[in-house]
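As structure tokens, one chain now follows by itself in the form predicted on its own.
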């Protein structure tokens, strides 16, 4: 947990950023050996210097945003196991770190399959459920907020999420729609409205299901936490990241769906803009709270619908960028670095990103022109990317090595660069992954 210093209110954003990074870097670790401790300190010191954009001996190679599924698959682990059998991932993960000695740890994604089953989660299908055992997850879009419900969301996003969205996204949570409107619980008689749902059989059954799902989740978190603790103890640090989205992506990915939000940009633009604005304070509060609880110094934005191929620059600057920028600036004021996992290309958006303050961003690119990235952004932000997933899957070892060497050369004179993949992939070879990781060490 991050504890604010007594002089927090007098600190600048960069001083707050330093305090969060200090707390992350200095978090206590029980090391497996003196050698592991020495390796950990060398690695985390290098990573910290990169985040501070200070002189350092070399870039790092971070395979997490591409290779984490391959780490398990290379040892015969199925997609179903990644959802239901997290203990099976321990030895493959430890073996990978021992064999490859990565600069930073490659984590496990704690997909809680049994909890999803109990809650009848609708937004995904997964291996061992509706997908074959060899696959992991697949998103299934739906319209979980009707167009005429924008007014409800804008008036109170939290109430909408609790009483309208969650009952639709998780069938077992349908009784949440019975809850009272909490802002009107103020007088003694209002206790009746507050408690009535809790006395009804459907609501009580839902609570029992939620407790069972919670118990199953704790098993997953226990297995994952123990494994990642062992990885850390053997000398491999990880950058703390809380996963979030932009206001537009929360609405488009989860509530309205792609088709719905595309139509809304034309049919209900004012409602859409008002909903994005309503989301800003809710999102800021939740990210800051999560960062404090987890001691994570950065928030990982998984960016979907703002890419060049999805909307025009005019639409981006009207619907996507303004509220996203508000959130990132608010996080910057709290000392939290925004890590942007930029799917697709942002060739037309680089000047927008350049509006952000120095050191406020890590810009992790997928298909963007990295030469333009260097020209526009590399003096202000940490840059990461963009080794193609297609190259890792279908290219040769020499092609991977050549691509990585070109990136190392391109960013050789810049303050901070992280070798990283453009996006996730399931299949590659150990030889190609070693070429990727060794490219920064030559």
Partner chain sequence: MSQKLIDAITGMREEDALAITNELLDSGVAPVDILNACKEAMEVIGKRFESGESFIPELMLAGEMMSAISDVLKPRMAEEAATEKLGKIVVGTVQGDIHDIAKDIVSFMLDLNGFEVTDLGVDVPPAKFVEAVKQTGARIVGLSGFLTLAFDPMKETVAALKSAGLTDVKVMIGGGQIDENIRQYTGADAYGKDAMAAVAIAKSWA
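Numbering follows the first chain given and starts at 1. Just so it is clear, the model here is predicted, and its values are computed rather than measured.
Unshown form predicted in complex with the partner chain; subsequent notes refer to it.
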Check: How about residue 259: is it within 4.5 Å of the partner chain in the model of the complex, going by heavy atoms?
Finding: yes
Notebook entry, point to check: Using heavy atoms and a 4.5 Å limit, would one call residue 423 a contact residue for the partner chain in the model of the complex?
Noted result: yes
Margin query: Under a 4.5 Å heavy atom criterion, is residue 308 part of the interface with the partner chain in the model of the complex?
Written below: yes
Notebook entry, point to check: Hey, in the model of the complex, is residue 114 touching the partner chain, heavy atoms inside 4.5 Å?
Noted result: no
Notebook entry, point to check: Picking from 98-106, 189-197, 320-328, 361-369, which part of the chain touches the partner chain in the model of the complex when contact means heavy atoms within 4.5 Å?
Noted result: 361-369
Check: Out of 135, 353, 224, 173, which one falls within 4.5 Å of the partner chain in the model of the complex, going by heavy atoms?
Finding: 135
Notebook entry, point to check: What is the one choice in 406, 375, 37, 399 with a heavy atom within 4.5 Å of the partner chain in the model of the complex?
Noted result: 399
Check: Is any part of 244-272 within 4.5 angstroms of the partner chain in the model of the complex by a non-hydrogen atom, and which residues would that be?
Finding: 258, 259, 262, 263, 265, 266, 267
